[in-house]
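Taking the form predicted alone, here's one chain by itself in structure tokens.
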Amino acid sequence: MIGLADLRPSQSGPALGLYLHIPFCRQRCHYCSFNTGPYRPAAMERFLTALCREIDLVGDADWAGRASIGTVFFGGGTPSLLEADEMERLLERLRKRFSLAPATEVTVECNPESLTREKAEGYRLAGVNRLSLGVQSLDAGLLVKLGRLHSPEEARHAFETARHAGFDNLSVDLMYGLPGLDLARWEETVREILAWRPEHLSAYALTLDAGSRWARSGVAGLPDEDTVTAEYWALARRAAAAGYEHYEISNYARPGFRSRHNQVYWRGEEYVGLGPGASGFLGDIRYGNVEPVERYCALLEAGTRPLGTYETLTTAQRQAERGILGLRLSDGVPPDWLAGVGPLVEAWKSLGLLEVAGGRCRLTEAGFWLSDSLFVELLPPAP
């Protein structure tokens, strides 16, 4: 078993990312496989006390006072269930334990129905400078089918509310490949979202991941592969025409507005994970906290850091991950990172899936779409 002394960042490298998992939701979406639980005010208060204790435990490490935090990301669950004073409480605790510069990117995932003008303004005053809105769809029927609690009108209102509260860095999440979603309705949604002019846009094809309701029960009306492919290309083309950079497989940004926090993951950089089920990566160790909120809180109430899993990555794993994660980005990777898979690189180039330019190997738009199957070929053989 690793000890706390083993969990420490490398001596050199960029600033750390910091992820905080807020596990509560008013209702679990039918496609969701994340670590979530039902929201209750009493449970939230106990959790926040435990989370502050975890911040203190990590902050007591000999390296913490010297660590620079480049990005903070509140994910979930539904982090926008946090009231403004609760958000301020957490950020103040982080500032006491770590070095958060004024330029640190601080993102909060928000569900439209839980973002009020008062809350948005309070988040801004607390130090949040980026919001990610989980819109997913602007089709009322689809939102109900997904298990979402907001309407299309509430999604529009939430975006406008964030703007009026002073946020100039907003991201919108969308999903395609949804049951009953045809190309025409998808294009209508894309046109409207792009007309809002968010700084950032994330779009994910539906996957039936283990742990979700739909993975257990199945779901009718899923589109065929040709339709899902057409929806991907429709977004890629319309976003490009609107001036968005397709900088990562599922992410688009206006110039200067890439997600700095997510790039920590894609560049294989180090980050601290806080909260139930949160993952971190420090040195050569990837670790995860225990998932059940009750267990998480009990461990911290006993003064114990809530570690659940850990893995020390081998050199082969690091090299493979570095290549796979780097190829997720339009920046690509240096050719020598793929030196051991030269035949694959040549095969992908011949199929128009990869290009080499400016001293970098990068996937093409077609390569992005087929990346899941391509990356399987880069995985090291099982021991």
Partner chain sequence: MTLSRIRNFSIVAHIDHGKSTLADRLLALTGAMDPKKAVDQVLDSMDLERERGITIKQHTVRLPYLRQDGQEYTLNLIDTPGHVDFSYEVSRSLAACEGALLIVDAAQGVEAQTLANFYLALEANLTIIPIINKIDLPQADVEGTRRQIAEILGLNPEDAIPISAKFGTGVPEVLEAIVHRIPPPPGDPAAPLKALVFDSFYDPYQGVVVYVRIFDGRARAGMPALLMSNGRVYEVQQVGVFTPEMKPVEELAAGQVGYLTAGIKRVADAKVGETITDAHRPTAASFPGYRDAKPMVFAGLYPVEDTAYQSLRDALDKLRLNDSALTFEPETSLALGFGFRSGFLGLLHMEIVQERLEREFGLTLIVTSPSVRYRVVTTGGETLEIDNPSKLPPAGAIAHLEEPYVRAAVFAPTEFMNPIYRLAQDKRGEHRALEYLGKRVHITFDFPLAEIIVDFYDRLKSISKGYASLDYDFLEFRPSELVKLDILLNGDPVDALSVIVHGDKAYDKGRALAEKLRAVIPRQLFEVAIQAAIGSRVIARETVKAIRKNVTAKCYGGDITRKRKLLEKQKEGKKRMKQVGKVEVPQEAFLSVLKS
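Bear in mind the structure is a predicted one, so any value in this text is a computation, not a measurement. Numbering follows the first chain given and starts at 1.
Although it is not shown, the form predicted in complex with the partner chain is what the next lines describe.
In the predicted bound form, at least one heavy atom of R328 sits within 4.5 Å of a heavy atom of the partner chain.
The partner chain is not shown here, and in the predicted bound form it never comes within 4.5 Å of any heavy atom of S10. Residue contact check for F98: none of its heavy atoms lie within 4.5 Å of the partner chain in the predicted bound form. Using a 4.5 angstroms threshold between heavy atoms, D85 stays clear of the partner chain in the predicted bound form. Only one of T116, S151, T229, N129 lies close to the partner chain in the predicted bound form, with a heavy atom inside 4.5 Å, and it is T229.
This chain is displayed alone, yet in the predicted bound form one of L81, L91, A120, I249 has a heavy atom within 4.5 Å of the partner chain; that residue is I249. Judged by heavy atoms within 4.5 Å of the partner chain in the predicted bound form, the contact stretch among the candidates 55-63, 330-338, 39-47, 315-323 is 315-323.
By the 4.5 Å heavy atom rule, the three marked residues F34, Y265 and L353 all count as contacting the partner chain in the predicted bound form. Contact annotation for 358-378: residues with any non-hydrogen atom within 4.5 angstroms of the partner chain in the predicted bound form are F368, W369, L370, S371, D372, S373, F375, V376, E377, listed in sequence order.
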